[in-house]
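To begin, one chain is listed below as structure tokens, in the form predicted on its own.
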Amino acid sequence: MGDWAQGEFQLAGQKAGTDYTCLPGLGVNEIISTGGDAFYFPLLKDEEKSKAQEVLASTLLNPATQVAFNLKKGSLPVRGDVDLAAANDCMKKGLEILAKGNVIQGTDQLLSADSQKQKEDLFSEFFASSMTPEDAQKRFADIIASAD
């Protein structure tokens, strides 16, 4: 389901390792996929605004912020020097897999922008219509088969 699911489990009062577990690589192989959200800052000529960008970036990368954010979201810290004493079972499992180097690119990084958009449009249509899972599966297979 993705790392975002951890927040849903937390809202439901469930605990990693007790009420649910994580199955990296669909539970078959210990592999994690890269990808995710990114923050981009435009190059600015205004020194004051540039400094504000630096403050935001520093806040986002602060070790305490990294731990707090990733425990809520379920993703892994981008820093290797954060205090992981509070890490739950899923985060620990992900960090162990990452340390082994068992990483693959996310599918959104492997598809062209056109193929990715076709896939996103299909998902939107599926959830907003009465399309059957079988029809969605066939269309998904067609998109992947013709992906560039």
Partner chain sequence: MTYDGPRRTPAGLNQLLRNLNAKIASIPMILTAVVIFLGGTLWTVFYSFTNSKLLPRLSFVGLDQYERLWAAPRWLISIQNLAVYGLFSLIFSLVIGFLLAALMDQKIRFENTFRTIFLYPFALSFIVTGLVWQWILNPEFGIQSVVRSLGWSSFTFDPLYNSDIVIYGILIAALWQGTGLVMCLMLAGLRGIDEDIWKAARVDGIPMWKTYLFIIIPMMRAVFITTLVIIASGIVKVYDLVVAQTSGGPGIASEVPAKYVYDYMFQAQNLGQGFAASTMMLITVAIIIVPWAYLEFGGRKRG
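Residue numbers count along the first chain shown, from 1. The structure displayed is predicted, hence computed values, not measured ones. In this text, the rigid core denotes the largest set of C-alpha atoms whose superposition between the two forms falls within 1.5 Å.
Just so you know, the form predicted together with the partner chain exists too; it's not on screen, but the next bit is about it.
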{"item": "Candidate stretches 29-37, 82-90, 43-51, 113-121 - the one whose heavy atoms come within 4.5 Å of the partner chain in the model of the complex", "value": "113-121"}
{"item": "4.5 Å heavy atom contact with the partner chain in the model of the complex for all of 125, 128 and 139", "value": "yes"}
{"item": "Core-aligned CA displacement of residue 88 at least 2 Å between this form and the one not shown", "value": "no"}
{"item": "CA of residue 123, rigid core aligned, shift of 2 Å or more between this form and the one not shown", "value": "yes"}
{"item": "Yes/no, residue 142 Cα shift of 2 Å or more between this form and the one not shown with rigid core fixed", "value": "yes"}
